[in-house]
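First, one chain by itself in structure tokens, the form predicted on its own.
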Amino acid sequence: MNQATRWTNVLQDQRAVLLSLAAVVGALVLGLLLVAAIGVPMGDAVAAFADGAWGSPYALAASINRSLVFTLVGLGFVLANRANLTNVGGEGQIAIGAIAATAVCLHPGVAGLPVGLGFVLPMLAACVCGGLWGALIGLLKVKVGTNEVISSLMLSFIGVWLLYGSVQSEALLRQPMTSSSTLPESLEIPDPTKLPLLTGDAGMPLHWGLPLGIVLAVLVAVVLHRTVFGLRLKAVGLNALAARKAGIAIAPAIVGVFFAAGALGGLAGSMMLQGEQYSLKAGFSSGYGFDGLVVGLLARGSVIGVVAGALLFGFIRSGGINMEMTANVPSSLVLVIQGVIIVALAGSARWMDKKGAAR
């Protein structure tokens, strides 16, 4: 690659970043106009959004913790996408991971384990169970030819309903009923099974999932671009038939990549439980998996894109929750704003692709 080509690529990258930023700003402005249209003072809405997204150490930490969940699900999507496969099962993988983590956290004796095993063991269980749940998608594809989009979506719904059922029955994870008003949720997990805080201050609940998430993002980038497994995934994605003739074992690659994607989703579920919510309840994941899917779609195979998109969605979700609570902006309108941002980003990416193809 000569110097002129390098500069051309750099300029194109910068143009793509600026266009994406312009798309996000434009979508936010449109969202504010919609907020004003329903009679909410724009200043109040902006102030509520800022307070909820980054207005205090607690809000900032909550936004980053949410971004971490989106990052893990988005990384799983990018891994599968490398092999031209689509994993839309993040929501169910989060649910399965959360169920497994809750069961291990509440198991007698786990909280008393030494050297941090009390919180590490539930995370490992969540990874394994989420991975096995994800591997089912791959097995269905290689054994009976099921479309992975349909199977991952169906497994996602099953996972969410399994979570719902597990907190409805005392024989499973529901807390003991002491009165008719006892909520259908699990007991709070013991303190030793909770993720330690980076700051040690509950006023800024940034937990140790953050450095783990950074390490995993780097690891996924290395796997995709610097390992034989990443090369095999790319070969499968480009032409599965040619890859098979070249001696690449297609079935293990497909099952393996879905296992990895599911493990990342399961880990996201354990981090939500052990780092934020501390008990399992119906509506536990509340669309985090589907938001993570959108992050993965917008990233277009880029790990850096996953991290950037996850941060954007994490702050938008935190700000949107506070807008609903303090400025009386309907949650449905927050979802509309989020959708407008997605459409704007997708449109800008499509436009850049057309410009690139025209050259």
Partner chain sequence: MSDPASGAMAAVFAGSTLRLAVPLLLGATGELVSERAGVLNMSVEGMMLTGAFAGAVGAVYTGSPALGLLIGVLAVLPVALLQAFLSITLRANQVVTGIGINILVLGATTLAYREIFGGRSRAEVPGFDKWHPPLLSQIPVFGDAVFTQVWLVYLALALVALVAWTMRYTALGLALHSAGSEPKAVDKSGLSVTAVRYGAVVFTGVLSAIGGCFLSIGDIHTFTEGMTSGAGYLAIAAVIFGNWKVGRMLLACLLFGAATALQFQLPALGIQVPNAILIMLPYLLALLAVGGWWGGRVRRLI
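Residue numbers count along the first chain shown, from 1. The structure displayed is predicted, hence computed values, not measured ones.
The next section is about a form of this same protein that is not shown, the form predicted in complex with the partner chain.
Picking from 65-73, 302-310, 44-52, 325-333 the stretch near the partner chain in the model of the complex, with a 4.5 Å limit on heavy atoms, gives 325-333. The partner is absent here; in the model of the complex, the one residue of I321, L60, L297, L32 having a heavy atom within 4.5 Å of the partner chain is L297.
The listed set G200, G145, P176, G247 contains one residue whose heavy atoms approach the partner chain in the model of the complex to within 4.5 Å, identified as G145.
When the partner chain is considered in the model of the complex, V24 lies well away from it, no heavy atom lying within 4.5 Å. I316 falls outside the set of residues with a heavy atom inside 4.5 Å of the partner chain in the model of the complex. Proximity of V343 to the partner chain in the model of the complex: non-hydrogen atoms within 4.5 Å are present. By the criterion of a heavy atom within 4.5 Å, G165 is counted among the residues contacting the partner chain in the model of the complex. Residues are counted as partner-facing when one of their heavy atoms sits within 4.5 Å of the partner chain in the model of the complex; in 96-116 not one qualifies. Cα of D51 to Cα of L345: at least 3 Å longer in the model of the complex than in the shown structure.
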